[in-house]
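Subsequent text provides structure tokens for two forms of one protein chain, presented individually as structure 1 and structure 2.
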Structure 1
Amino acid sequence: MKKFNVKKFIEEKIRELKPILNGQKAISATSGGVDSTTATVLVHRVLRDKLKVIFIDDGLMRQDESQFVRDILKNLGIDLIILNKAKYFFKNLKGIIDPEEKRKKFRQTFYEVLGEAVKKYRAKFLIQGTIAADIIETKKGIKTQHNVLEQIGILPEKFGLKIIEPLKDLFKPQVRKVAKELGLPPSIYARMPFPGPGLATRIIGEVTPQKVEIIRKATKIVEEELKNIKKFQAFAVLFSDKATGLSKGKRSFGDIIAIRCVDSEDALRAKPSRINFNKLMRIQKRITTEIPSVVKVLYDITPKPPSTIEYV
């Protein structure tokens, strides 16, 4: 394979996009992930203030995520519009237990909110952080094939809206290089994957604000403690079942949390990381102390296959 020339890629992409975008309004929804943030910064180089950058706060993000993304973009001269939609997402997800239904409802809600924003800002282009692996996985049926315009309820003929996917020919390591070259910090370009439906995929069963609060705290602890460990992904998962524990000398039914940390190249196969036992004990100690409702902390030792990386 030819060596990837990151500077040349950026130059050529900007040159290619200029006449297409032609100074017209575009909208980009960034989540703070590598792909969407990189696509946003790249297109901002072409459109500047004509690009509206939104962050849909679905209430399912990691702690302080909106401020984190806002500060990073601000450093690059990009304003972030934060749409607070947490209540709406929780309302729509209420009562849903089935994982596929949960993902479907999340997607519907996300595109509904995105569609409203596209209309509000009268955007002519929608910028998407799709990368080559997404397209391959969609074709192989691993990820759901979806037509974004259809999902957001917009007829292209009526709105004249077009989708722009500036990273669609790149794989993740190349996207990380582009991110770095565009001036994004390691906290973005070296960031581990985080699923679109966010913490909703880290809660087995119904998603409620209370459960999200628990898993958000546990996620922060796991990310902090495993910050310096080489891994593909590390996170916490909240079970729907409860287990007996001891609280102030009394038996009580409490929450169960699993820690998942895996090594992988491409997320298609994964192995559990061999974390030092003292490190695991420290995570356990912090979780049960900082989140008193938790009475059990487990470490997941299952590879993919037969497991998947996520639980939902």
Structure 2
Amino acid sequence: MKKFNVKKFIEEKIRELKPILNGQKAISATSGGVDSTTATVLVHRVLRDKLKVIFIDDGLMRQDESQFVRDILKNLGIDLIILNKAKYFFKNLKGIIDPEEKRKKFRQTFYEVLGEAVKKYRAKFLIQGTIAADIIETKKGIKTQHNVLEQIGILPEKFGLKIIEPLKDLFKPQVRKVAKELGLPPSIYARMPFPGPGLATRIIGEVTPQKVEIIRKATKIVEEELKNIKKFQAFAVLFSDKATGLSKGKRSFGDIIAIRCVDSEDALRAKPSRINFNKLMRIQKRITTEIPSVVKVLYDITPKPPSTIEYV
């Protein structure tokens, strides 16, 4: 395989984008993940203040995510516009249990919000952080990616703009190299993948504000405890079923949390990480102590395939 030349890629991509964008307004929706943030910073090299960068606060992100993203971009001279749309997303996701329907409803809501922003800022282009793995998995029918439009039957013309995907030929390890070369900090280029629909993909069953708060706390604990463990991705999942537990010596029904930690190169295949048992016990103790509604903590040892990395 030909070695990836990151500097050459950036130079060629900027040279390629200049005549396409031609100094016209564009909009980029960044989630704070390595893909969308890298695409944003790359295109900002071409358009500067003609690029409007937005963060859609859908209520499904990590704790304090909007401020984290704002601070990162501010250090690079990029202003961030935050759209507070959590109530709208929760309203649209209410009652939906099926995983694929959940992703589709998120995608529809996401583009409704994004469409309004496009009209407001009169953008001609939409910048997306789609990467090669997104396209491959959508074509194979493994899951619906909210940011792969042509493959899922959404025409960009419906939103009155053209789609620019500067990273669509790259896999995650290459994107990380581009991010680092563009001057992004390790907190971005070394960051674990986070799904487009956010914590909605880590809740089995209906998504509610209460369930999101539980999984957000569990996610924070898992990320803190496994931050020094070499891995591709680590997170928590909230089950829809309840399990029997003990509270003050009495039987009670409580929540079930699964811990998922995997090693992977390109997200197309993955193996469960071998984690020290004492570390797993510490995570369990923190979760059941800091989130009293949780009575069972499990560790998922299933590779991909036959499983996927995410649950929903």
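We call the rigid core whatever largest set of C-alpha positions still superposes within 1.5 Å between the two forms. The model shown is predicted, which means the values in this text are computed figures rather than measured ones. Please note that residue numbering is based on structure 1, beginning with 1 at the start of its sequence.
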query	finding
Form predicted on its own, given as structure number	2
Large Cα move at Ile291 between structures 1 and 2, threshold 2 Å, rigid core	no
Ile131 C-alpha moves between structures 1 and 2 by 2 Å or more, core aligned	yes
For Phe9, CA displacement between structures 1 and 2 after the core is overlaid, in Å	2.7
